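One chain comes next, on its own, written out as structure tokens in the form predicted on its own.
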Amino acid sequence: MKIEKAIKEKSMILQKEMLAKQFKELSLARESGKKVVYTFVPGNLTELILSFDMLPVYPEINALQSGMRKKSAAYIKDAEKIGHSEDVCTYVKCDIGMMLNGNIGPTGEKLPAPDLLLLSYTGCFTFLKWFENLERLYPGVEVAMLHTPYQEDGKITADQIDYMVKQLREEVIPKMEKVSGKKFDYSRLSQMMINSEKSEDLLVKILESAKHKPSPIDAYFAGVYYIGPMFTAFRGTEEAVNYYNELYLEIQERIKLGLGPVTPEGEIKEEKFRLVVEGPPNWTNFREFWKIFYDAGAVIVASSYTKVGGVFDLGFRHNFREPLESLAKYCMGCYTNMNLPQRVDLLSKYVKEYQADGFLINSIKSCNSFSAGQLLIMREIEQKCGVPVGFIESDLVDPRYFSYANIKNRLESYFQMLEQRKIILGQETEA
């Protein structure tokens, strides 16, 4: 398949520049004296890390970027050679393989070793084992653990918040003070929360712009660019606020002009189908995957993956008046920390509010946090919303588990079903 040069929105270019700057700072961390914190995207404590002038590194971001750059296959193979099972999360194996090969980051610059491993896991118990491996790879490194209660009963209680704030005060912050050599600045963290709230307000407006017809954005494939600054190293910064202001204005202009989403193949001229998608995308064949939807005129108007680092459209915002409590609520409120009834309710809400024509699951072979319960979710959405449901399978960054022909055939059959349903509904309306 011949791949033409990708067309990119201005927001994508800005996001790329921001991440490039971040990786440059990381490559110079030892010279600048900056301390480095390895942590994860769901439930990340970015504002707290930045308040100590430390630099965050996100192993799963490194893995997905390696997948997009076609480097993950070799990394995974090297991790399997030293004993990691084929069934282990491919993010983990890709990250470990990258470290075994010199820890060269996605931009080609060497990443520094961590000064602190910060595990604030949310809904993914694989993170525990992942960090055990990182601790062995970096003997003597400081480790801070923030245990996040799972939303088993579908609500966040005062006792749970107190439990997490106690951990922040007694375990996490003291370790950060020790590693950084700086005292915790409560007022600085509080001030950063103001920027977080501004960015979160804008991100919600951006993602909810997909309620328009035609949708000016794709909330899954393009959505991963939009959430990048929020879910990585920039939440709480003025840089993030400026980025989201720029992006919001750009999208408002697209709405005004009645334009559809921009994809690497060009602008979608006709919105034929509106979909809600559950599960992460495949990164090794990201563009080819997106093109299947582009060719069919299928636009994803809402997705669960863009909520993996925070479900802000349900009303949560970081609060400068109670910054530590905000961090606790944030960690517990991420999508993968929600129980199955909560997920069904959220996805049903998306199908109805975004007037979706169908619901699709991309089941990831090695990601239990998403794939557990997806068949139940699919049946529940079909019953609650009455829309056609579809199911495809791939993986995060292991190209062995992405079958382009198989996925294309399944999606084309699904799109034909959606088309047939539209015809039938149109005939019933005329009658």
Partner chain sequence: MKTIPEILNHCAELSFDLNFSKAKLWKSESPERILVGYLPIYLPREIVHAAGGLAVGIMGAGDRKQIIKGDAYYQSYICHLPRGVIEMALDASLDHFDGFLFPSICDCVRNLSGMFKIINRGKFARYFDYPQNFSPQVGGVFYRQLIQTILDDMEKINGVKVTPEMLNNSISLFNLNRRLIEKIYSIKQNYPWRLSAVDTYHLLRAGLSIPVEEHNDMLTAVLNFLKDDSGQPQDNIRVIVSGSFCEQPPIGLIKSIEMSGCYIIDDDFMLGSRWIMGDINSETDDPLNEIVHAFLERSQFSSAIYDVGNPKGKRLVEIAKRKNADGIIFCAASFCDPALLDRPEMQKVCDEAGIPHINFQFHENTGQFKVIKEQAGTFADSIKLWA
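Because the structure is a prediction, the values reported are computed rather than measured. Positions refer to the first chain, counted from 1.
Unshown form predicted together with its partner chain; subsequent notes refer to it.
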property: Distance check, P341 to its partner chain in the model of the complex, heavy atom within 4.5 Å; result: yes
property: Any non-hydrogen atom of R254 within 4.5 angstroms of its partner chain in the model of the complex; result: no
property: Close approach of L64 to its partner chain in the model of the complex, 4.5 Å, heavy atom; result: no
property: Partner contact for S85 in the model of the complex: its partner chain, 4.5 angstroms, heavy atom; result: yes
property: The single option of S190, T237, Q160, T232 touching its partner chain in the model of the complex, heavy atom within 4.5 Å; result: Q160
property: Its partner chain: the contacting residue among K178, K272, R287, H147 in the model of the complex [heavy atom, 4.5 Å]; result: H147
property: V92, R379 and E393 each touching its partner chain in the model of the complex (heavy atom, 4.5 Å); result: yes
property: Stretch in contact in the model of the complex with its partner chain, which is absent here, among 356-364, 256-264, 288-296, 321-329 (heavy atoms within 4.5 Å); result: 356-364
property: Its partner chain in the model of the complex - contacting residues of 106-138, heavy atom within 4.5 Å; result: L119, Y121, G123, C124, F125, T126, L128, K129, F131, E132, N133, E135, R136
